[in-house]
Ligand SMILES: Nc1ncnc2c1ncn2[C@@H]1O[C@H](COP(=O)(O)OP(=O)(O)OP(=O)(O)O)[C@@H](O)[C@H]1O
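First comes one chain, alone, set out as structure tokens in the form predicted alone.
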């Protein structure tokens, strides 16, 4: 079977800077893939190209057997790709329930059905009792859960999580890891997770892809990645790697 997602030599330039350069990767259905790299490595740019918010200058992206390289974001969402954002993008004046209804309406034009789906997902993401709270009043941890619930409301096959645990306390981050595992196990959603905290992403991922200066430098099991000298140099520099 073909991979659920295939990125083939994707390059995205901003003037003379290549934020992604000849990046290729594949994701099988059912995987959790960690996407890591230093700040500025091109991780969010890759997410933007996969989801249609940007288009690669070269290369192509295929999802579920379809070429989506130059497809609009709403069409890619309908095909089954959803995402969260590095900086949370909740509709602050709308309630938590209304935020998730917006996602559910991607799959149905029946408001009653969308509200029922949104209610289920607020329960699933442990936001029960906060249905009527304006999104702007939620804590950061709850806003991140809300954004995940809204993405899940679109019924994705592939969910891209962009630093869904950044800024959280250790207890909140541990709860977020458990939520990701439940999404994978109970909802059967394939996931790609961008995260800087190694203690989070390594135990969570079946496979890890590493970007550095827009180039893929490693792709393998977490056990192999943590021993990869090129990855260590990318994070710690030459002196740190030698140590």
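Residue numbers count along the first chain shown, from 1. Predicted, not measured: the structure shown is a model, and the values here were computed from it.
Same protein, other form: the form predicted in complex with the ligand, not shown, and the subject of what follows.
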* Using heavy atoms and a 4.5 Å limit, would one call residue 142 a contact residue for the ligand in the predicted complex? -> no
* Distance check, residue 39 to the ligand in the predicted complex, heavy atom within 4.5 Å -> yes
* Could you confirm whether residue 231 comes within 4.5 Å of the ligand in the predicted complex, counting heavy atoms only? => no
* To do: Indicate whether residue 224 is a 4.5 Å heavy atom neighbour of the ligand in the predicted complex.
  => no
* Asked: Is it the case that 17, 44 and 196 all touch the ligand in the predicted complex, with a non-hydrogen atom of each within 4.5 angstroms?
  -> yes
* To do: Counting only non-hydrogen atoms, choose the one of 31 to 39, 199 to 207, 65 to 73, 172 to 180 that falls within 4.5 Å of the ligand in the predicted complex.
  => 31 to 39
* Contact residue in the predicted complex, chosen from 218, 189, 27, 54 - any heavy atom within 4.5 Å of the ligand -> 54
* Listed residue (108, 86, 137, 119) with a non-hydrogen atom within 4.5 angstroms of the ligand in the predicted complex -> 86
* To do: Output the sequence-ordered list of residues from 154 to 193 with at least one heavy atom within 4.5 Å of the ligand in the predicted complex.
  => 163
